[in-house]
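As structure tokens, one chain now follows by itself in the form predicted on its own.
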């Protein structure tokens, strides 16, 4: 009976969160706020990807904006200029993500730390400059207009609410895949690279392959998110994909909980939505937002996902240390 109760306590937060996500559009009437929720879901997919490389292997990737842009522009250009089906555009974005994973992954085999971080920053800036200056292909600063909405079995996802329910399903699928990877062999290898890559090599595991796999997973998830972002917004331009975007993704990961898939979901949601909730404070909203984030980080250095480990929370809900699983699951 005790084991059954532990399982119920473990899945209860997932079920409650899913129910809240499904009924939320009923109470949110304004399409602008529904679109904001859509953007939060897109960001969650990207942060789940970032978790593979930064959360699990400990390699800071500040080129997320460039990867996100690659996914967005691949799908947008194929569908608007060549008339390609949206889903083929998504597949093309995934292929681009694999290629980028190799391009960014190979430097990680020789360099690490701040030097690798600078490499990823350079990639993001190179992508932004290429998108800005390749006017004949990308439209330059004017961006790409008229990106078609997604269509699923003939059903047009051409409203924020329709896109919302689709993205909820996608996030659930991507989170499930990520959790399976984290709990599987690849996840254990990623964590081993973070803890002691020399010991990992001593038992015959190819560190190069492990690092490349983490970069590829990060790039694929981020390119998928970028593709959905393009079809959600209908218009993109290079000004969206700045270094600030990369730092926001990292902030989402840190706030939610580094190494945690649920933490990625929490962080992606809060960092996207909270600034808009605070807009009523006008010119002070960003200051208040920054103070709130700072307080959360000071109180919960391991992210919001670790709130369940606070003594009063465990006592309130009758949780033991393993009731909800480890933070990186």
Partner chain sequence: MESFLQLLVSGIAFGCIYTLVAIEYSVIYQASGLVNFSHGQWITLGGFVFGGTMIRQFNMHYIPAMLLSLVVMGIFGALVAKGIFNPLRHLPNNLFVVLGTVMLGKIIIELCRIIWGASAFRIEGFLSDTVKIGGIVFPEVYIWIVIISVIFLVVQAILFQKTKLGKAMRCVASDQKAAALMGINVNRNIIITVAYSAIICAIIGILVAPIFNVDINMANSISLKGFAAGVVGGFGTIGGSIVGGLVIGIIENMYLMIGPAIYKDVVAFVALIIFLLMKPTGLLGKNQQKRS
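None of these values were measured; they are calculated from a predicted model. Numbering follows the first chain given and starts at 1.
Separately, the form predicted in complex with its partner chain exists; it is not shown, and the next lines address it.
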Give a yes or no on whether every one of 54, 114 and 283 sits within 4.5 angstroms of its partner chain in the model of the complex by heavy atom. yes
Candidate stretches 160 to 168, 251 to 259, 176 to 184, 206 to 214 - the one whose heavy atoms come within 4.5 Å of its partner chain in the model of the complex: 251 to 259
Could you confirm whether residue 37 comes within 4.5 Å of its partner chain in the model of the complex, counting heavy atoms only? no
Decide whether residue 244 counts as a contact residue for its partner chain in the model of the complex under a heavy atom distance cut-off of 4.5 Å. yes
Does residue 234 make contact with its partner chain in the model of the complex, using a 4.5 Å heavy atom cut-off? no
Partner proximity in the model of the complex: residue 287 to its partner chain, non-hydrogen atom cutoff 4.5 Å: yes
Candidate from 273, 278, 28, 297 lying within 4.5 Å of its partner chain in the model of the complex - any heavy atom: 297
Contact residue in the model of the complex, chosen from 145, 82, 95, 129 - any heavy atom within 4.5 Å of its partner chain: 129
Which residues from 59 to 83 come close to its partner chain in the model of the complex, meaning a heavy atom within 4.5 Å? 60, 62
